[in-house]
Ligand SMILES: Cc1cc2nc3c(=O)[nH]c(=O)nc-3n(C[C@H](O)[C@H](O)[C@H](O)COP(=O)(O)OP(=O)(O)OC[C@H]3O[C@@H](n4cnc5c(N)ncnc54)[C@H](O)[C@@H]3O)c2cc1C
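Quick setup: one chain, the form predicted on its own, written in structure tokens, and binding and motion questions come after.
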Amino acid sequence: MRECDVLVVGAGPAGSIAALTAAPHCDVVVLEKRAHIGVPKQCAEGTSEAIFEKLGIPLSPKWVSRKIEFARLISPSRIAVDLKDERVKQLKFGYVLERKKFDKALAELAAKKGAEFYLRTQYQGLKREDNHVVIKARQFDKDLTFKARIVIAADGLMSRVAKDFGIDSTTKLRHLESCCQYEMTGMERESCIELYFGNEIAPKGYAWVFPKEGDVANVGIGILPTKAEYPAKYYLDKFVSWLGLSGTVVEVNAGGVPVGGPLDQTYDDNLLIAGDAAHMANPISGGGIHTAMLSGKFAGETATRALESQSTDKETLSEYETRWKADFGRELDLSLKGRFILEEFTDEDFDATAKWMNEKGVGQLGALDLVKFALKRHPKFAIKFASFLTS
């Protein structure tokens, strides 16, 4: 039996940052079911510039694929709104990463701080024993047993670890976005992320083009399957044709993203839940790298302090939820409300919004402007916008 202070299940950004944060202070073990960390990639690979400053992680050309200068929003009738005005530059759009290299680099940083990684190791189950947790796992054809004081669940959507602790991590189909993405070559694009809206393009979701190094780009789509007639791949192929993209597909990725907001409870006795396992993806964008890394940091710090105080009960570990809610909880809450508003938009509403944003000037927009526009467009949107922006 391998005994440790903290056992992390999952070596994605949340798990590796948790290990990186805790390893200098205690004995940390990380279990990862894949043989290659970061493979296959799980998303469009975009994230903000601010997160690296906040975490103190130096940017590396090894895993930064492209710096993003601005964003472009495109309506169903191809009305483009460019978010590159001087007045919105403070948004710092960030980077498109090379996730296969980035995820591995985070794990390497954690390993250098002392975390021990077990790759190709499948979590099997757990039980509490004498204020510890005994974890069963299997590496290739060998059964392994670990004993930890705190478990950090970073095992992704439908977290099995959370379930085994008695926390319901099931995502309702109503709040599960289905995504499909092609990595394509022969794609010369500007250094901007392109987001395409419209119910014909992506039912209750959106499509995207994220440029990477050279002539490579991620072209993908996210839809709500409960509101769509066909699978995500059907709409992606239709989108590629609609844009007239002639690049070559060199990689296909598909999966689900929880967009219903975070779990009601992200901690328990001996347990912290981070990243996608805690459903921390942004409900509008589906992006989760930013919140995964921040939650991993808070989980690692909370675990360290709990161990120092010799208390790993849920009252002590509740500090974790207090911290992440104070940092990005309101962002997720407002994004969820915003998503419900956008789901009611028709293609005509998207076109009208794009025209209005261009006429008004993106940098001039304020909450009152949005409410006035919504009232003019349709009274029901005014009520929704008002409650969304004042909550």
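Counting begins at 1, following the sequence as shown. What you see is a predicted model, and the numbers here were worked out from it, not measured in a lab.
This protein has a second form, the form predicted in complex with the ligand, left out of what is shown; the following refers to that one.
- In the predicted complex, the ligand sits within 4.5 Å of a heavy atom belonging to residue 42.
- Remark: residue 31 counts among the residues lining the ligand in the predicted complex, judged by a heavy atom distance of 4.5 Å or less.
- By the criterion of a heavy atom within 4.5 Å, residue 14 is counted among the residues contacting the ligand in the predicted complex.
- Using a 4.5 angstroms limit between non-hydrogen atoms, residue 275 touches the ligand in the predicted complex.
- Note on the interface: of 280 to 288, 183 to 191, 300 to 308, 72 to 80, the segment with non-hydrogen atoms within 4.5 angstroms of the ligand in the predicted complex is 280 to 288.
- When contacts are defined as a non-hydrogen atom within 4.5 Å, none of 24, 110 and 320 contacts the ligand in the predicted complex.
- The single contact residue among 126, 257, 162, 209, judged by any heavy atom lying within 4.5 Å of the ligand in the predicted complex, is 257.
- With the partner omitted from this view, the residue of 236, 294, 133, 179 that lies near the ligand in the predicted complex is 179 [heavy atom within 4.5 Å].
- Residues of 329 to 347 are not found to place any heavy atom within 4.5 Å of the ligand in the predicted complex.
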